[in-house]
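Below you will find one chain, with nothing else, as structure tokens; this is the form predicted on its own, and questions on how it binds or moves follow later.
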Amino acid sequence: MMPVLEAKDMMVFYENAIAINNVSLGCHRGRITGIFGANSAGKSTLMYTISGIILDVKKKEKMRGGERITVLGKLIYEGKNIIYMEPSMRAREGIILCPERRRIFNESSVMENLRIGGILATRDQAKKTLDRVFTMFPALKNLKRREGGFLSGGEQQMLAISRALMAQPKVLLLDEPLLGLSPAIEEVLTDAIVEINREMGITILISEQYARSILPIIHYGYVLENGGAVLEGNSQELMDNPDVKSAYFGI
């Protein structure tokens, strides 16, 4: 079975520094794929490249005379190379990023954030998804009018994921969704990620530095070091690998 989303020989340079080094990976439809690695391993750059945001960053850097960004390789989505497709078009095609550190609109209410996320959805889609996220995250239902900046870190992450779901993703990119959160909130979010995949049928690509909670729920995963993929395998294979055990489980 061909992956619905596949990176082939992907490379990203910031000036002469390599951030993504010849990475090839695949995401199969209806599966959860994990990307693991330490800080600065290249996870967020990879997510920015897949979502297309790296192209916006590249334009802004060029306009202000900043560092030169080079993107090479292929990104095949549903049989088409989209490596140079604008991020807005990728979103319309169903590739939606929930970015690292939430990036919600702090001065907007929970409902306003969700409505912004659902701008591409039909009225029926928006209503159905809104009902789903309030069932998944009942805490948000009681905070509809609260400004995003007054939510806790866990509530903000629930909102960020919900806002991404409102955009009707086919492939949901989750960039370090557990960063800085308590074990209790990690468990809530991990359960939600499984529900999004199993019940909503959404393909998920998730990057995490803290892999302990995520490794058991993925179908397949990759480990990045210095921008390159050094290990790959299914959930059990990665958890049984002595290097992964040492790095992520302290064994």
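Quick caveat, the model's predicted, so the values are computed rather than measured. In this text, residue numbers run from 1 along the sequence as written.
Another form exists, predicted together with adenosine-5'-triphosphate (ATP); not displayed. Remarks below refer to it.
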property	result
Contact of E100 with adenosine-5'-triphosphate (ATP) in the model of the complex (heavy atom, 4.5 Å)	yes
Contact flag, A41 vs adenosine-5'-triphosphate (ATP) in the model of the complex, heavy atom cut 4.5 Å	yes
4.5 Å heavy atom contact, E176 to adenosine-5'-triphosphate (ATP) in the model of the complex	yes
Any non-hydrogen atom of Q209 within 4.5 angstroms of adenosine-5'-triphosphate (ATP) in the model of the complex	yes
Partner-proximal stretch of 43 to 51, 212 to 220, 25 to 33, 188 to 196 relative to adenosine-5'-triphosphate (ATP) in the model of the complex, 4.5 angstroms, heavy atom	43 to 51
adenosine-5'-triphosphate (ATP) in the model of the complex: contacted by all of F105, E147 and L151, heavy atom 4.5 Å	no
Contact residue in the model of the complex, from A19, L238, A229, M10 (heavy atom within 4.5 Å of adenosine-5'-triphosphate (ATP))	A19
